[in-house]
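Next comes just one chain, in structure tokens: the form predicted alone.
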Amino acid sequence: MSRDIPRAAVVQAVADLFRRANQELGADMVAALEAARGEEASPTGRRVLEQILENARLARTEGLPMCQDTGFPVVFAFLGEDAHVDDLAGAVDEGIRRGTAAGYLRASVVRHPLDRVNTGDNTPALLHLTLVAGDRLRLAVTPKGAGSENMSRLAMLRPADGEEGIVDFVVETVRAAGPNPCPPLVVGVGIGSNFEGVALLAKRALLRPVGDPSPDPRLAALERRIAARVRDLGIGPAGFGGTVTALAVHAEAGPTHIASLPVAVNISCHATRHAEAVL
């Protein structure tokens, strides 16, 4: 039997999540930054991490955005097959609109890449809908800043490039990014699928609690290899040098064509933001 989820409930949930994601850094990120402060060998790097943590504390306690770039709104909706929502996309956009106003968030979305006219309310959101079993709606709202998003890359490698090719491409992407994406980073890696699918895998990898290894032992080992190589780059917090360039590397994989090895790297900054709710 189908369960109706009121449109108003979706609007309110998205509004709260978008505002909260921008003002309250997740407990997983805070814990990772605190651990990094203890691990960082550079005194300058440790001071940067202390400032990042203080910034997160002030944003949370004062109800202010933790970064002036309050992000392009990306919303993952996992909708139960036995649930129904009227005008889900419209409800999500209305929630983003209200959350932007309530949180005094910067309007960062332009209506077209060529005329650059700002929509004024951070709509439309980019909505990724996945049908799942059950009668619930799980929403994950992930504001993504341009400083880190602009450093992301995608490559269609050859199957013969193998694991070494994947590692080299991810590490080179982080090296080329340098200080631009505001390290320490969370590095989302997508492997497989096709051209558009691999980018989504990399983005979804950022939803995982920071530092939780992949449940796939092969991917978990690959995450460790990449993380070790990234550490050796020496970019460090804010690019001032040090040992903590990335807080975590998260990899997701999907089936692919016999002639393809797509790889995408979605870089996220020290303000890796997301907030979730289930309706």
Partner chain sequence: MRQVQLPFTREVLKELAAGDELYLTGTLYAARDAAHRRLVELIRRGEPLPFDPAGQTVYYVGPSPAPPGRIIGAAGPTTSYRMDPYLEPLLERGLLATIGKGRRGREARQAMLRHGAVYLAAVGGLGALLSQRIRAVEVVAFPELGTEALRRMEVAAFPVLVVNDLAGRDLYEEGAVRYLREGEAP
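Since this is a predicted model, take the numbers as computed values, not measurements. Positions refer to the first chain, counted from 1.
Quick note: we don't show the form predicted in complex with the partner chain, though the next part is all about it.
The candidate stretches are 156-164, 185-193, 127-135, 142-150, and the one lying within 4.5 Å of the partner chain in the model of the complex by heavy atoms is 142-150. The candidate spot formed by 44, 106 and 177 lies fully in contact with the partner chain in the model of the complex, as each residue has a heavy atom within 4.5 Å of it. The closest heavy atom approach of residue 26 to the partner chain in the model of the complex falls outside 4.5 Å. Contact check for residue 248: every heavy atom lies farther than 4.5 Å from the partner chain in the model of the complex. When the partner chain is considered in the model of the complex, residue 214 lies well away from it, no heavy atom lying within 4.5 Å.
In the model of the complex, the partner chain sits within 4.5 Å of a heavy atom belonging to residue 234. Counting a residue when any of its non-hydrogen atoms is within 4.5 Å of the partner chain in the model of the complex, the hits in 238-270 run 238, 239, 240, 241, 242, 243, 270.
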